[in-house]
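This document opens with one chain alone, in structure tokens, the form predicted alone.
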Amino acid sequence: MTDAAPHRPEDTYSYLGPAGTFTEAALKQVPEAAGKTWRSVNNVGEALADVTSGRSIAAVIAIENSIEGGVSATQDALATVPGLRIIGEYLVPVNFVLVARHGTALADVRTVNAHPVAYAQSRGWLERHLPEHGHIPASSNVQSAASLFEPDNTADAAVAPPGITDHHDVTVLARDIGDNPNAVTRFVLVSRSRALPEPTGADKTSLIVELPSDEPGALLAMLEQFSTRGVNLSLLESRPIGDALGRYRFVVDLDGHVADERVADALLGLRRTSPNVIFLGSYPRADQREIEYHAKYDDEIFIEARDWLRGLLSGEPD
């Protein structure tokens, strides 16, 4: 496990660095990445470019937070960068510490370095304990602490991950400053592989779907493709397409695997009605929770219905 070059693409995994970020914590959960080269990158675009160019075999990127919702930069990138598939997901509990250079006390803090997402998740604590503080955005949670030692730095403290002291010589001024102790960030492993992970019964499928037109009932028609087949949605978020005002695509996570008959039938319905359906992948759920659904949506029900129709078309006797 190293960021050093040279490296072989088939043994390289990209992640939002530097070392010590929550993304690196997610990468540590990927069994295939153990003992391989880990390449630190600066943003989601660079991580996905590594994958599409073949520089890395896969990349770990944040896609959803339990407090802030979907990560828009990731959602937009997956909608516009072709040839990518999600092959796994990983959950990382998120909390933060406030750190500073040695000799700094909490009462000395006037300005805080923080990644915008980290700042949003710790803002309540900061406003209670540092009501007059200012905020300087950082490119990552680790960089917020590292920048305290840069010559042009004007911040007194930084919001950082709990393990930051393993990477930088800082003093911890306060622990557990996150406003929600149950905050979790969901990460996905993205590759160019077209091979689908085998169904486990505890799976998730991710899609990006465009509505056929901006008219009353268009969204309802899309949602009915899932509801009439007993497919539960665990995520539904809209993102602007960008070609005209009022044009949106929908990021969808649903319970089940594309190999499940109910899910496959729903995707066929979407493909008939939507001008653009991007299949991002079917993969095991990080929480390993088995999908529950009504027996009337069992695979056998869909298979029997197709056999019945085939018999009608071929003239088989009743």
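The model shown is predicted, which means the values in this text are computed figures rather than measured ones. From 1 onward, residues are counted along the sequence shown.
The same protein also exists as the form predicted in complex with another copy of the chain; that form is not shown, yet it is the one meant from here on.
> Of Val117, Leu91, Ala79, Ala202, which residue is found within 4.5 angstroms of another copy of the chain in the model of the complex when only non-hydrogen atoms are counted?
Replying inline: Of Val117, Leu91, Ala79, Ala202, the residue with a heavy atom within 4.5 Å of another copy of the chain in the model of the complex is Leu91.
> What stretch, of 236-244, 157-165, 96-104, 170-178, brings heavy atoms to within 4.5 Å of another copy of the chain in the model of the complex?
Replying inline: Looking at the other structure, the answer is 236-244.
>> Quick check on Glu132: any heavy atom within 4.5 Å of another copy of the chain in the model of the complex?
In response: Looking in the model of the complex, residue contacts with another copy of the chain do not include Glu132, since no heavy atom lies within 4.5 Å.
> Is there a heavy atom of Glu304 no more than 4.5 Å from a heavy atom of another copy of the chain in the model of the complex?
Replying inline: Looking in the model of the complex, residue contacts with another copy of the chain include Glu304, since a heavy atom lies within 4.5 Å.
> Using 4.5 Å between non-hydrogen atoms, is Phe279 touching another copy of the chain in the model of the complex?
Replying inline: Yes, contact at 4.5 Å.
>> With a cut-off of 4.5 Å between heavy atoms, is Leu268 one of the residues that contacts another copy of the chain in the model of the complex?
In response: Yes - in the model of the complex, heavy atoms of Leu268 and another copy of the chain come within 4.5 Å of each other.
> All three of Lys28, Ser53 and Ile87 touching another copy of the chain in the model of the complex at 4.5 Å, heavy atom to heavy atom?
Replying inline: Looking in the model of the complex, the three residues Lys28, Ser53 and Ile87 all stay beyond 4.5 Å of another copy of the chain (heavy atoms).
> Though the partner is not shown here, which residues of 179-195 have a heavy atom within 4.5 Å of another copy of the chain in the model of the complex?
Replying inline: Result: Asn180, Asn182, Val184, Arg186, Arg194.
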